[in-house]
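Before any questions on how it binds or moves, here is one chain, the form predicted alone, in structure tokens.
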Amino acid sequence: MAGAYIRGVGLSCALGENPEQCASAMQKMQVGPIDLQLDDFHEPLRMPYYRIPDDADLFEGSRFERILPPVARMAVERAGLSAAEICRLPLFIGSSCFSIGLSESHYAAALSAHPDTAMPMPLCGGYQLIAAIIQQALGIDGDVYTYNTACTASANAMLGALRMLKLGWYQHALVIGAELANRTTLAGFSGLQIVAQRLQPFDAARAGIVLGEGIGAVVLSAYVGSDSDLRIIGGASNCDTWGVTTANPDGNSVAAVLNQALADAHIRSDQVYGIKAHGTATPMGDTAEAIGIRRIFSKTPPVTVIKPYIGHTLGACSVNELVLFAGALERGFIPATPGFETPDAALDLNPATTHGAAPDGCYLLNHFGFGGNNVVLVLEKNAS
């Protein structure tokens, strides 16, 4: 069964600044968003937020240049690649709003110096800057692919890398998911009125998302490394045009992408030992996901949601949550879901509230984004 082996990972998120620290904190069920206060709006904002514990100003424009290279370097060093392999390494980058924080900093400086000519949001895109920072820091000169599909951005980056490795275009690939805090995104989600004070995925009292930041990196390889026992063996992506911000609540598009992912990995639903759900804790989003899962599984395998540990890290959530979920599997457990307390009879889907055993076999990783993009990846533990 062909696939892409996970050879090295790096992570910086609310749980810590390396994968081991983060996995240990998750195993202890540490959940710690900060109370964020933004007073520089006409209507001040108050919300919980999961931030990277780097002690810097949350909105400092240079944070990316400090945090991003060490995370990418962690993944590459752990992969054990040669200097020549590193030089040729292609980059697959997923982010939904990387350049917004930097753009805000540029605008603030211009507004202070030349208020009459300052242009809001002077930077658009900016993904090549992510690549340039990594390439310069690590000596990489490979091809670059960027993905901006809202909250599925780094999931599609992962899927793109998997496809090209299967085609033999590359032997290795570095996949990056990158999001840091910015005022525009925080204000935008607050304006949508889907920001809650607490993350409660699939709970009857769920009220919405809690945002977070994180930078993750994964080196995928076409062949196994010396100590790798995890690989991505398949996946699928589809688009649902039912609404701007959510999949159709009837679950049809979610069920379709789950079926497509299983078919791509050449496995049956009864061969799935667990599901890492997307679990945004929005009323309609969780409804679509729960109904879609129930359409595929006659008996639902254990379900977990990673977001209560690190927040919803938007376009970076796939890579960040993959690193955490993979770390849990390697430690022998499927993570519990903090925040789930009261089952919702309409959903009939109850995430685990305690850590469970993680047997060898296949696991699904769900990701759903604004614009109706849906992505499911299939991860295998102890690939043979």
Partner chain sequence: MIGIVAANHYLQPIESDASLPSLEADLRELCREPFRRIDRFIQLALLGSARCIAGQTLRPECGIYLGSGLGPIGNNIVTQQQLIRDREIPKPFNFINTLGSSAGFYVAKNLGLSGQNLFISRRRASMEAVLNLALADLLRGVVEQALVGLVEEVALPLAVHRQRQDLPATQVLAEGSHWLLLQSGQQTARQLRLHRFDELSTLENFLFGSWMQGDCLCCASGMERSAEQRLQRQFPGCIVSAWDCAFHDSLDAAWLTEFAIGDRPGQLFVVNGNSMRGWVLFQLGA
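Here the structure is a predicted model, which means the values were calculated and not measured. Numbering follows the first chain given and starts at 1.
Note that the form predicted together with the partner chain isn't included here; everything after this is about it.
Novice: Go through 198-206, 237-245, 67-75, 298-306 and give me the stretch that gets within 4.5 Å of the partner chain in the predicted complex, heavy atoms only.
Specialist: Only one stretch qualifies here: 237-245.
Novice: Only one of Ala137, Met284, Leu111, Val224 comes within 4.5 Å of the partner chain in the predicted complex by heavy atoms, so just point that one out.
Specialist: If I apply the 4.5 Å criterion carefully, the residue I get is Leu111.
Novice: Is it the case that Phe59, Val210 and Ile267 all touch the partner chain in the predicted complex, with a non-hydrogen atom of each within 4.5 angstroms?
Specialist: Judged in the predicted complex, none of Phe59, Val210 and Ile267 sits within 4.5 Å of the partner chain.
Novice: Applying a 4.5 Å heavy atom distance criterion, does Leu45 contact the partner chain in the predicted complex?
Specialist: Residue-level check for Leu45: yes, a contact with the partner chain.
Novice: Wondering, does Gly371 line up within 4.5 Å of the partner chain in the predicted complex on heavy atoms?
Specialist: Within the cut-off, so yes.
Novice: Just checking whether Tyr145 would be counted as a contact of the partner chain in the predicted complex - the rule being heavy atoms within 4.5 angstroms.
Specialist: It does: once the partner chain is placed as it appears in the predicted complex, Tyr145 has a heavy atom within 4.5 Å of it.
Novice: Using heavy atoms and a 4.5 Å limit, would one call Thr184 a contact residue for the partner chain in the predicted complex?
Specialist: Thr184 belongs to the contact set for the partner chain.
Novice: Pull the contact list for 288-313: residues with a heavy atom within 4.5 Å of the partner chain in the predicted complex, in sequence order.
Specialist: None of them.
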